[in-house]
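As structure tokens, one chain now follows by itself in the form predicted on its own.
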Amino acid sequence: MEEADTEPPLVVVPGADPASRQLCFEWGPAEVLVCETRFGRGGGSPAPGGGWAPARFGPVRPRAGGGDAAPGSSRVFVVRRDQDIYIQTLRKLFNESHGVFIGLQRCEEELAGKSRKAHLVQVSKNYRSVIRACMEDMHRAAAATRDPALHSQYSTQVSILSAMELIWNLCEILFVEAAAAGPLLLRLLDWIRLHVCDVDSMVREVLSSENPSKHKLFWNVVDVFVLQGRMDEARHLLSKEASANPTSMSMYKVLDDLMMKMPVPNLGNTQTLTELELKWQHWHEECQRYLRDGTFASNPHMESICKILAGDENAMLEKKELLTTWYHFLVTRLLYSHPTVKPMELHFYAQSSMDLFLGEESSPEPLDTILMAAFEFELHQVIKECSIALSNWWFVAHLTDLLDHCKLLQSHNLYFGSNMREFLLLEYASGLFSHHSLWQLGVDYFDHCREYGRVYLELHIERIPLNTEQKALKVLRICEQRHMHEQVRSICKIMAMKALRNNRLGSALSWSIRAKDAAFATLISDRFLKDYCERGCFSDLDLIDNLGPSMLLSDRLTFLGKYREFHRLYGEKRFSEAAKLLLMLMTAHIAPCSFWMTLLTDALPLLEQKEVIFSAEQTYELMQCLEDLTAGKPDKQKLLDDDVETTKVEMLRLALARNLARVIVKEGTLEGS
């Protein structure tokens, strides 16, 4: 196993006091439970006021105030590893990027060649647009809030999202689009212009003034335009200076001509790199000639601009405050010194640009390290540094997935078998499952992890709290769609038990049938029958009437369904059919013995009908059932002790005897005729 580069950071749990009490912990899927034990720091004796008892996780009373804790006052702390999931304003990032991710997985196999590459670039832009939209929402939230703590939190998130977009955009240029020499410089210029936007406010301020050329920031704005290669805008501003200061008209025309003639790469492939290099060399020599001739000596601002055009690095570094970052300096340096730079040469210029810009007084920040790794085409180092620097797995999971689709990570497998893409997606999805609603997104991420995705899904879905029946049905549908039979049974059993505890017998029976749990269905059927004996009627008739083939799950459930059918037939005055069904329920021995008296009692109204319902043979079978019921000594003694039961037995015997006499007379009459 590869050793960690650095020691893991110390996590301070607010409120916990490891100096006075020992702490124990339990790992969860996306969080850690930390608990104060009753043992002192020395480990040999309990903390003052505490007893010898093992620490356990569960609902505990919070400790009030400081000092020694009283017995039973230990607290449980929940330490989450991915706190960003709980930030409301980041929900948009997670939800909308999920759609982009799913679209990429579905379309990947349908595309090939140039269309595939164009599609991957578009997917990358879609991810960036999601980051940008979320960043703008966060910025508005920061501006709207009056809470200093919230403002600080939002501002921090804006900075993080801005850095994420910056890194993603560079990876898109270098890895996804894989821009070649020439177009590469144009893409880097667009990258800088998009992410270094401080100039926009300066431009508005200068142009809105009465005399822009006299504004104190005028030359700063011109310089920034030149440093970013925005020649048309720089020339437009310089024309205002020429109009306001006729004495500089000749210098302006020379500088304007140089800026207009500056050769730049184009995306149309209308010129070769060799042609571009020849044109640029000629133009570069012209810039140097004007500097040697002292054409701009009387105007330091124009002279400084011409030096930048000629690729003078010292002149560029004098504008350090306007460049703001070393990677802005890098792109400006490439524009005016190496416009045909090749991708593999970037790392050399990037390293020297960072050294020149930062000097010895400052060290690289984590963002600098990530960007440098990208310029060096160290793809795995980019992912590693981002994993360390960023506060959640969203960025590295989605970027790695995209790069994997670009066939850039195929050879890199981790030591435990899963590749880097799958590992990071599993980590990200596991974090989503700790959220009360985002877990639904995590299901799709697990689905697209071929090796371990199903195993992770099975483990995590069992831990989802089933707070409502609606949520349980949602989880159940997910499991059924994926043929996760064990999880389906587990969920149904949990929900059946919850319903039973709340005395919702219909719901409990429905869940037990879905779970195909015969034992539990038998238990609930017994509860239905007990409830019927106490109340004299059934609850949840719609469910019982529509059991269908499900009643075959257990004998008791079959009896419940058939017994309800007997009542329905009796209510419809279909007495003969009801009598046959009642007798079948008793002779088939699927009815519980405790319910036999109820069945025999139900036979009384049929025995007393004017029309003879039971035949002689059926009457003998009913008599046999009654005798079997009263034959057992314990049961017989119980019946004798209960006057009501004794009365029922006597009434049944009388009714059976009377019915038998009627049947014999009727059958004898029929035979005689």
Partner chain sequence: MIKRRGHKIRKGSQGSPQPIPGPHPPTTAQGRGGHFGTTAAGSTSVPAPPMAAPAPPSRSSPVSLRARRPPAANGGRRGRRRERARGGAAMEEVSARFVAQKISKARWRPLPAAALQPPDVFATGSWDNEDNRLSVWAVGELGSGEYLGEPQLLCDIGHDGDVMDMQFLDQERIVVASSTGSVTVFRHHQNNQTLSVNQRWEKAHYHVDQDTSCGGAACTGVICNNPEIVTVGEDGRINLFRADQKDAVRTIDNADSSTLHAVTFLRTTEILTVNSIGQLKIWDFRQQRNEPSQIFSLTGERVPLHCVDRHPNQQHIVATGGQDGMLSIWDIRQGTMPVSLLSAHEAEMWEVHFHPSNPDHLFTCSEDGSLWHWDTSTDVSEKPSFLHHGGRSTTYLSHSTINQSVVCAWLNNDPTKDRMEITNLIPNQTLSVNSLDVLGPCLVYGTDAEAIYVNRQLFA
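Residue numbers count along the first chain shown, from 1. Keep in mind the model is a prediction, meaning the values are calculated, not measured. So that the term is clear: the rigid core is the largest set of C-alpha atoms that superpose within 1.5 Å between two forms.
Note that the form predicted in complex with the partner chain isn't included here; everything after this is about it.
When the partner chain is considered in the model of the complex, residue 248 lies well away from it, no heavy atom lying within 4.5 Å. The partner chain is not shown here, and in the model of the complex it never comes within 4.5 Å of any heavy atom of residue 397.
Although the partner is absent here, residue 436 sits close enough that one of its heavy atoms falls within 4.5 Å of the partner chain in the model of the complex. Not displayed here, the partner chain is kept clear of residue 307 by more than 4.5 Å at the level of heavy atoms in the model of the complex. Proximity to the partner chain in the model of the complex, taken as a non-hydrogen atom within 4.5 angstroms, holds for one residue of 100, 529, 262, 553, which is 100.
For the options 302, 163, 484, 420, the one in contact with the partner chain in the model of the complex, meaning a heavy atom within 4.5 Å, is 163. Comment: 497 to 505 is the region of 328 to 336, 275 to 283, 497 to 505, 455 to 463 lying near the partner chain in the model of the complex, near meaning a non-hydrogen atom within 4.5 Å. For the partner-free chain shown, 358, 365, 366, 367, 368, 370 of 353 to 387 come within 4.5 angstroms of the partner chain in the model of the complex, judged by any non-hydrogen atom. Once the cores line up, the CA of residue 375 ends up less than 2 angstroms apart between the shown form and the other one.
The two forms, fitted on the rigid core, differ between the shown form and the other one by 2 Å or more at the CA of residue 524.
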